[in-house]
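Shown below, as structure tokens, is a lone chain in the form predicted alone; questions about how it binds or moves come after it.
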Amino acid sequence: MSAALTAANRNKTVLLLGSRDMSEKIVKAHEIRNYPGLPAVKGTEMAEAFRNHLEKAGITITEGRVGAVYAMGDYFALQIGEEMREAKAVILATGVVNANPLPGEKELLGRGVSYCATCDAPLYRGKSAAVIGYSPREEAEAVFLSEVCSDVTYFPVYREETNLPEKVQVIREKVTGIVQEGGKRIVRTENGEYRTDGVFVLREAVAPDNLVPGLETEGAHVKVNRKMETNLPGVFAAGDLTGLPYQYVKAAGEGNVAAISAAQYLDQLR
């Protein structure tokens, strides 16, 4: 949000992709004591302050899952569900992906494993699909797939109760990996194996090097310099994504720097 506000102040056209409910980290924060001007603020109060600031700036949060960002020469193509959007510069502020990739996940990505149900559901029309969901919000994707696929199996990686139609089979078993065998994908759990045509691994955020091909990373973090520039011209990163400390005030500062650098980059293009 800091990056979007600064970019707008620099007279740039901004597309802010995220959640209108803000980050779960903010909403669940009991009290934040080091954010200037907001002493001992509760997370819900901070989220409301952010929403009000965006509204006054005329910036709308566009909800949508970004499946990939492709460098196309003089612009970037963003795959958002079934839609493609274009941008001259991209600022990554996705936070960190806490879950490690499942065994076989990266190897089969694009070959039966997907991170976007909306994007790839048509490939499995009339076929079977498995969904590994890391939060309750992914249940909506499972419902969507059930309207397209012949059958859907859902593996929740969380404790909350699921709210899914009967045609979606829910299996509460720890997933240990994904393999390919005879044209089928197999989801392995601690208790058994489940054959399917496609597997959708749905997390709150995609690992950065999977999101942007060619992006240089260090573990779960994106490598940046002090201008928040990545190794890819026109791609910037800010916040928890760039490394410790995971602090709201640090993230806001980096978002500001990233937007200033992106604005300078766009001015140089012209």
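Start at 1 with the first residue shown and count on from there. Values in this document were obtained by computation on a predicted structure and should not be read as measured data.
Just so you know, the form predicted in complex with a further copy of the same chain exists too; it's not on screen, but the next bit is about it.
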Item to complete: Tell me the stretch among 208-216, 60-68, 22-30, 36-44 that has any heavy atom within 4.5 angstroms of a further copy of the same chain in the predicted bound form.
Response: 36-44
Worksheet item: For this chain shown on its own, do Leu5, Val224 and Pro245 all sit within 4.5 Å of a further copy of the same chain in the predicted bound form, going by heavy atoms?
Response: yes
Worksheet item: Can any non-hydrogen atom of Val249 be found within 4.5 angstroms of a further copy of the same chain in the predicted bound form?
Response: yes
Fill in: Residue contact check: Met228 to a further copy of the same chain in the predicted bound form, 4.5 Å heavy atom
yes
Discussion item. Can you work out whether Gly18 and a further copy of the same chain are in contact in the predicted bound form, taking contact to mean some heavy atom pair no more than 4.5 Å apart?
Written reply: no
Worksheet item: Though only this chain appears here, would Leu232 touch a further copy of the same chain in the predicted bound form if you measure heavy atom gaps against 4.5 Å?
Response: no
Fill in: Stretch 9-32: residues contacting a further copy of the same chain in the predicted bound form, 4.5 Å heavy atom cut-off
Asn9, Arg10
